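Form predicted on its own, single chain, as structure tokens, below.
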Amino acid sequence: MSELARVIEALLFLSSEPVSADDLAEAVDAHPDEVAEALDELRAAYAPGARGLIVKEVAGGVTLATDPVAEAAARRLLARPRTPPLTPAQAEALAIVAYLQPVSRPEMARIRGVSSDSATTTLVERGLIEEAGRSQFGAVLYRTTPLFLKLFGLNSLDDLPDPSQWDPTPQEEADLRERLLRAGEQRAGVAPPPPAP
């Protein structure tokens, strides 16, 4: 299969909507005739009965679709309940655990400025964090799980983005600190102080 056909295959895979030949030509910076040839290559590679996918023309564009033979199995698979995405609160709590583990709920609440009980419970239920002992004050400590690494495509915690790579200017740092303090105060119901001149 030509490189152009492989690139177009990747674009069709990534697109949730059918893509017109003109849009494909623009995206790959190729002549429409070259795109037509590449699409013919893909149609041959994905000929009905050859693979689990087919190249299908629909709604004025081209898309990758499942072979009709997989319809019953696909319906059963997709009928399963889906795990909802993380809420902002859950994502915040997970980030705190990932970077500061082991960490307790009171520590998370202090950092977030609001209770993390519900978010922590959900993260434990979803298998993203787990108990990792107790603090000297008796609070449960949490750490991330191997499932967390798998879902985020990490080999180890060393692969987490390094916060020190973000090197804010003193003004950016002051602005960020002020925004975080204000957000924490608003969540706690405390009236924020007037902005610094």
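Fair warning: this is a prediction, and the values are worked out from it, not measured in the lab. Position 1 is the first residue in the sequence shown; the rest follow in order.
The discussion below concerns the form predicted together with another copy of the chain, not included here.
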is_contact(Asp33, another copy of the chain) in the model of the complex, heavy atom dist at most 4.5 Å:
no
So in the model of the complex, is another copy of the chain close enough to Leu141 to count as touching (4.5 Å, heavy atoms)?
no
Just to confirm, Thr66 within 4.5 Å of another copy of the chain in the model of the complex by heavy atoms?
yes
I'd like to check something about Leu39: if you look in the model of the complex, is any of its heavy atoms closer than or equal to 4.5 Å to a heavy atom of another copy of the chain?
no
Does any residue in 46-71 get within 4.5 Å of another copy of the chain in the model of the complex, counting heavy atoms only, and if so which ones?
Tyr46, Gly49, Ala50, Arg51, Gly52, Leu53, Leu64, Ala65, Thr66, Asp67, Val69, Ala70
What happens to the Cα distance from Pro81 to Ala91 in the model of the complex: does it get closer or farther than here, with a change of 3 angstroms or more?
closer
What happens to the Cα distance from Pro81 to Val124 in the model of the complex: does it get closer or farther than here, with a change of 3 angstroms or more?
closer
